[in-house]
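A single chain, nothing else alongside it, follows as structure tokens in the form predicted on its own.
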């Protein structure tokens, strides 16, 4: 049976961050990813917008791997960016300026992220679903993984659930909560014409308010999708493809040179299932000091709010060696729409991976030692420590 110190389930931005952090602590790490590229919604889902690391008033909030991956995403240039990369001390960053964010190339980022993980000794297993777990004495002892080789059992020390759907916690019987409202339909795609390569955002998937057109404000369908049922997901994807084609054909009426370049290859679901952790962070707890903070995130939808993220939002004591990252974290439904995006996934991923390298019992971890490790790796933990 194959054994790993740390198993990271899911290769989106949270999983990338977790695997990288754990490997840098010298642990033997494996990353299971069901697709054949890293990045999740941020690559295969074409949500290729690295949202702000700042609070909208010129103060950087998210640091460490969140900043590292932003820089990685534009290694060879950005498809689009707001002027003034103030992370590199260029341009203004007041409340009157647009917040710095970039649109990056999905394929380039996926390859660069893969290269980074391999260079740090992470084993990557593509085309691989974790389909079940074995538990003993409130610990996950084995992960059961299916891929082209069939079903294989992996013995694990600690497990990071970065699946986006909180699958591992669900399999292990840890308390979870569903996104009751369900996801609206989206049909994003890229097209090219003589003027360049363009991201076409069709549907309700996280288009910032100031950039929504009247067309995009209208739902593509009144149907909502849980993202957790195989038949439903297949119907969702087929409907998305239908709308992509219709939208492109309509575009061709006024732009005959427009050619579809890329379509989303995974369903564009934002929120599905999350852990019920030791603490649930609420959207009203902005600017709140948490002694066990593992980093900070901002609200990409509006200026001002800063949230310290308690370590307790990443685990439940019923499963000692399981920790979550990304959109699986324990937050209320309003804040869920904030915590699901790339910078937040990277912040929680780094914390989860670092913790997983330190212990196989998160309920007894000395959080001050975790915080010291995070600070050593560039993370700022508390709002009071931001240079203003």
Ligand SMILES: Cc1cc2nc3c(=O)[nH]c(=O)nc-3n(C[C@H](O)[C@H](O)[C@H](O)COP(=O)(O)OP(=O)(O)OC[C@H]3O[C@@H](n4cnc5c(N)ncnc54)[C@H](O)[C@@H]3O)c2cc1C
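Given the structure is predicted, the values throughout are model-derived calculations rather than measurements. Residue numbers count along the first chain shown, from 1.
Same protein, other form: the form predicted in complex with this ligand, not shown, and the subject of what follows.
Q: Which listed residue (49, 335, 70, 319) meets the criterion of a heavy atom within 4.5 Å of this ligand in the predicted bound form?
A: Exactly one listed residue reaches within 4.5 Å, namely 49.
Q: Tell me, out of 54, 30, 341, 357, which residue has a non-hydrogen atom within 4.5 angstroms of this ligand in the predicted bound form.
A: Contact with this ligand in the predicted bound form is made by 341 alone.
Q: Should residue 154 be counted as a contact of this ligand in the predicted bound form, where contact means heavy atoms within 4.5 Å?
A: Contact with this ligand, no.
Q: Give a yes/no on whether residue 279 approaches this ligand to within 4.5 Å in the predicted bound form, heavy atoms considered.
A: So residue 279 does not count as contacting this ligand.
Q: Is there a non-hydrogen atom of residue 244 within 4.5 angstroms of a non-hydrogen atom of this ligand in the predicted bound form?
A: The answer is no: residue 244 has no heavy atom within 4.5 Å of this ligand.
Q: Just to confirm, residue 248 within 4.5 Å of this ligand in the predicted bound form by heavy atoms?
A: Heavy-atom contact with this ligand at 4.5 Å: absent for residue 248.
Q: Looking at 267 to 275, 253 to 261, 280 to 288, 107 to 115, which one sits within 4.5 Å of this ligand in the predicted bound form if you count heavy atoms only?
A: Going through the listed ranges, the match is 267 to 275.
Q: Give, in sequence order, every residue of 113 to 146 that has a heavy atom within 4.5 Å of this ligand in the predicted bound form, or say none if there are no such residues.
A: 128, 129, 130 sit within 4.5 Å of the partner.
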